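Starting off, we have a lone chain in the form predicted on its own, written out as structure tokens.
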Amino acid sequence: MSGSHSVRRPDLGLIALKVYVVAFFAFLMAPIVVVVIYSFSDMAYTTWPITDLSLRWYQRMLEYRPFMSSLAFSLQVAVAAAVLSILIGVPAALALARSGSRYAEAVMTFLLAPLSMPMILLGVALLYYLSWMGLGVSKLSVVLGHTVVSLPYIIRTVAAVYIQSGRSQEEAATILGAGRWQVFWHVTLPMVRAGILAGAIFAMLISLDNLPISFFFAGPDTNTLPVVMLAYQQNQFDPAIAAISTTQTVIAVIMLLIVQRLTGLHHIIGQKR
């Protein structure tokens, strides 16, 4: 018998898929990379290729007070909106996840509606509604507007984690004699903690990046960073915008790393490998 050696042929479909995925992510990352590169340019205008590297535009960012004051205000609004979303969204998510009513899914869809609505339309509606309530253009109005768009992230993540975990632990605690608040504090809250943390940080990211809602409530004391960046770019176009954009990107990446660390996603990925 003559032995025959089978030659393994390369899987052209798998190779094509890998090439497509790499090209797709490169296409998505290219604008961010370009912005980061331009933030270190020494030129007073955007040109390619960059001849010299400098930190002058980061210094300009620090010296330009509207950038720093609006960044601080945006962070305050993001934290406030996330806290309000937690206080409202966690009870709502738990109630809807536990409910056996046929209307629970409809209510959940209604609470997630801000995700599918045009932000400009939502901003106009909130402006009219909050003005009718007597709040007008104020810091409270900005916080409430950002809470509306942040709330769905809390509800969705908490409900998903709670449904996946099941109610067996709560039922066991109840059988062992724990009261309603004891069950909530010692069983339910730790069980959905990952969903709360992930939803809160995603809510903060959405708030920091929100322009349409913030634009309608912009005023001398209520300008968020995206509004100031838009106004700055309308008057002058220099790499200082790239510097503040890079700073905003770094903040977003840090928050996403915090989500990964606190929710244990790195352990799940490690186990799958």
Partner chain sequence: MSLAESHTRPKRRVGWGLQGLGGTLPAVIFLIAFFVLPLVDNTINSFENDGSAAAIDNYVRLFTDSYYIEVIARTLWVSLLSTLICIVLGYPIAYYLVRHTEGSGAFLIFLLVAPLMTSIIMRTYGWQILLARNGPISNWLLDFGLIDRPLATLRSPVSVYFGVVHILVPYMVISIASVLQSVDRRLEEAALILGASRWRAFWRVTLPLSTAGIVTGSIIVFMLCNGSFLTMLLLGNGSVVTLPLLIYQQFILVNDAGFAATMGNVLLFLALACLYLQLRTVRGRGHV
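Basically, rigid core = biggest C-alpha set you can superpose within 1.5 Å across the two forms. On a predicted model such as this, the values are computed, not experimentally measured, just so you know. Numbering follows the first chain given and starts at 1.
One more form of this protein, predicted together with its partner chain, exists but is not displayed; see below.
When its partner chain is considered in the predicted complex, Q233 lines it closely, a heavy atom lying within 4.5 Å. When its partner chain is considered in the predicted complex, V79 lies well away from it, no heavy atom lying within 4.5 Å.
For the chain shown alone, Y38 is a contact residue for its partner chain in the predicted complex, at least one non-hydrogen atom being within 4.5 angstroms. Using a 4.5 angstroms limit between non-hydrogen atoms, L53 is distant from its partner chain in the predicted complex. Taking its partner chain as positioned in the predicted complex, the residues of 21 to 43 that bring a heavy atom within 4.5 Å of it are, in sequence order, V21, F24, F25, F27, L28, M29, A30, P31, I32, V34, V35, V36, Y38. Once both forms are overlaid on the rigid core, the distance between the two CA positions of V19 between the shown form and the other one is 2 angstroms or more.
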